[in-house]
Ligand SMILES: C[S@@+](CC[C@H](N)C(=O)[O-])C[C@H]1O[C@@H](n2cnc3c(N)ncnc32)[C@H](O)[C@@H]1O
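Only one chain is shown below, in structure tokens, and it's the form predicted on its own.
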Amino acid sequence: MSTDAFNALACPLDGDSLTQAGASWRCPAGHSFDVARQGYLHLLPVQKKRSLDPGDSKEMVAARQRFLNAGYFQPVAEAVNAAVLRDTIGTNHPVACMDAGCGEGYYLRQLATTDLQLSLIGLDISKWATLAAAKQDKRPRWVVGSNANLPVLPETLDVLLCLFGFPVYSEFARVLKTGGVLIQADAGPNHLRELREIIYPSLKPEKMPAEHAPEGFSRLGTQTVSYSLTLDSQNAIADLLAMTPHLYRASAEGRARAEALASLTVTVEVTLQRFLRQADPATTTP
């Protein structure tokens, strides 16, 4: 239907509501944040950064953008879209959805192709990722920020996506409405196994998803998205490696083995978990 920018933003310094005034957003205390020329909003104060340039590098973002735009993870995006559609049936207002750790915005752009009426915000700690997202689609609100301190007002989101990111469940629970849905995607045990077998001398056991739902949530369901993917060029293989942490974890010898490949068939295996935001017991009447 339509896609608009999400506007229920909070000051990252004091949590008060932000109001747009021209090319800036301001809170009642006078804290002001300028919209970048490319259209994204920087809401990660320097005192809350752990490094000078946190998050994915410019090169990693470019590799991910090329790889995802080629459609290699389209089945994952379709599964995410189906989950959002299933969990928002009957909603009679624009679905407010955040992608927490949005990267260059691929999954929000895919969600915008559905028939839902949407109010979207993509947040990433990497300014390079947010810049790339803003260049590709002007409709969502693109924000540089941290999952540890989401610059969003409490209980304003219907859906929160955390796709291959770093979940901070206490923050997710704070910004989701009661009855809102968290959709979390994580690499399954066999995800990119063939690539990992090439670049590492041995594979460590994969961490399995927790059996219990995070505090404040109940589990709605879990599904596995699995398929075989053939990369028929060295460039595609290089982009896949560059967009993952494996590029930095592998030894020089392991990276060299990957660089020598002309083609590669890998398994894509993604665990998709859905959680319902429960009512706060402190606010529930007996």
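Counting begins at 1, following the sequence as shown. Since the structure is predicted, the reported quantities are computational estimates derived from the model, not experimental observations.
Separately, the form predicted in complex with the named molecule exists; it is not shown, and the next lines address it.
Within 4.5 Å of the named molecule in the predicted bound form, a heavy atom is found for all three of D56, R64 and S126. Between the options V84, L116, L163, A132, the residue in contact with the named molecule in the predicted bound form by a heavy atom within 4.5 angstroms is L163. Screening 139-147, 202-210, 173-181, 152-160 for residues having heavy atoms within 4.5 Å of the named molecule in the predicted bound form returns a single hit, 139-147. Contact check for C102: a heavy atom falls within 4.5 Å of the named molecule in the predicted bound form. Though the partner is left out of this view, L68 does reach within 4.5 Å of the named molecule in the predicted bound form, counting heavy atoms only.
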